[in-house]
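For reference, the chain that follows is the form predicted on its own, supplied as structure tokens.
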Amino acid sequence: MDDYRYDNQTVNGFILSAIFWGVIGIVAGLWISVQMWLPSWNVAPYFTFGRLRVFHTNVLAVGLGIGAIFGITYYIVMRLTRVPLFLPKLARFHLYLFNVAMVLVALSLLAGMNQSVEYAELEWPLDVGVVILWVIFAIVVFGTIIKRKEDQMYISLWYVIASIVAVAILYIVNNLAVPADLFKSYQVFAGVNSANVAWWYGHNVVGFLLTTPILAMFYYFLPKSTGIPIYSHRLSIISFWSVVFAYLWTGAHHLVYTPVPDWIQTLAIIFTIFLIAPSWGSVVNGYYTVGSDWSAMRTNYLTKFFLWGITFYGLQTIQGPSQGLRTVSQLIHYTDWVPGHVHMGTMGWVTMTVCASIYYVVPKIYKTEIYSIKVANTHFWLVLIGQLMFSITMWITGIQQGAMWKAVNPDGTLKYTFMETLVPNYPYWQMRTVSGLIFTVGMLFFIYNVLMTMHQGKQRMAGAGV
């Protein structure tokens, strides 16, 4: 295990990048939450809700999410293959190019350069840049796996491979476009085909960016941090192949009651309901792993993050399929229930698992212990409370909105005017800002803990002459 050198600097660089972009993205999220109930916070032209909203989603999904995925995946792959990264200089170039691309992403979105497609807003030059970043990632990861010294392919590697292949197909197909000039392009799909492809991409890119890579982290770091072997490797493999098979068929559940043919909607709903089983296969695997020693929830601060994270994943995979049902969709579609659903996944499942993974990785890189378990526990409770307040507040708002929009008088006219349906949302939107602020304070504790751990590690290594 010691006959080669881990490329920890590239891993560390991506972690620091993810933290940097995460701060910017979270601040933007707080800002737009205030804009919902205090319109004067819309500062034209660059900081209006329309521009900040796509800035917020892209900076967090790409800057924080993919940045962390790149770095932590490199960490995992090296250790599961027992070889150094393939083409380490290319991996380092990947880090630099990623941050250059993120600067261009941020500036272009604030300038209003937007394809107006959900999760695919970037104009074509940046789409090309994203493809180059992903190709480099694939070369480094696949090259490392091919030359591995460990024959056994642990489940985390399968999730990494699926993520790389699926995202490549999804991104390229959805972003096929004809450039009009350097800053504008038009998609090759139109009308119903455009909607169908957009949500085939939109739903599944979330699945293969914010589900499968995070499951790779969960399956690797839960056993490593607790010292308890994963409960069932067989269950993890069954869950993996079932998720990969079913996920790509589910996108049209976003298009219920639209011009998309009914049979496509129904097919998507069926596969969405099916997804509950393999998703909960991973949930059960996590519970039964810790179930052999529940004291780890008390004695190991990371266990709380991983178990609550996988719990929110399980809740998401019940809530999402339920939303896909026509009877539920007709009430909550286009309401604030949807951001409540999304943020339980991003603030709960994704953020908790990524933060716990970083908590594990950083002390290993710097050959030290976490700076403060007490600070980590404070971080945990703040993000847990903030996320629950955010999600539940939005669920209530969404049900209220849907019910008021659908309410009719005996003669069939709408019972409420637009303003009458809007005003009751304000207390809930204000509560969303409060809950977002609590979550943000929790993340500041996280950043402080990570940076102090790095500082502590540098001092110890300097003292030891490392």
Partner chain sequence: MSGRIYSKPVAFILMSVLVIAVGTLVTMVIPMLTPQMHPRLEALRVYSPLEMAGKDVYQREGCNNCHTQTVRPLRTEVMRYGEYSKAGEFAFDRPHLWGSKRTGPDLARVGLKYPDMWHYMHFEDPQSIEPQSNMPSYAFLTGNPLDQTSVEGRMKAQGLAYSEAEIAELEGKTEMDALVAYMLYLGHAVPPVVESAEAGEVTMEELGDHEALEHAGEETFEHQCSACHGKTGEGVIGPSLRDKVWLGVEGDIDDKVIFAIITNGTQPGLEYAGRPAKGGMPPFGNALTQKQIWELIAYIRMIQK
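Numbering follows the first chain given and starts at 1. All values reported here derive from a predicted model rather than from experimental measurement.
Another form, the form predicted in complex with its partner chain, is not on view; read the next lines as being about it.
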{"query": "Contact at 317, 384 and 447 by its partner chain in the predicted complex, all three, heavy atom at most 4.5 Å", "finding": "no"}
{"query": "Listed range touching its partner chain, judged in the predicted complex by heavy atoms within 4.5 Å, from 166 to 174, 376 to 384, 309 to 317, 84 to 92", "finding": "166 to 174"}
{"query": "Contact test in the predicted complex: residue 118 vs its partner chain, heavy atoms, 4.5 Å", "finding": "yes"}
{"query": "4.5 Å heavy atom contact, residue 295 and its partner chain in the predicted complex", "finding": "no"}
{"query": "Contact test in the predicted complex: residue 229 vs its partner chain, heavy atoms, 4.5 Å", "finding": "no"}
{"query": "4.5 Å heavy atom contact, residue 112 and its partner chain in the predicted complex", "finding": "yes"}
{"query": "Within 401 to 416, the residues that have a heavy atom no more than 4.5 Å from its partner chain in the predicted complex", "finding": "401, 404, 405, 406, 408, 409, 411, 412, 413, 414, 416"}
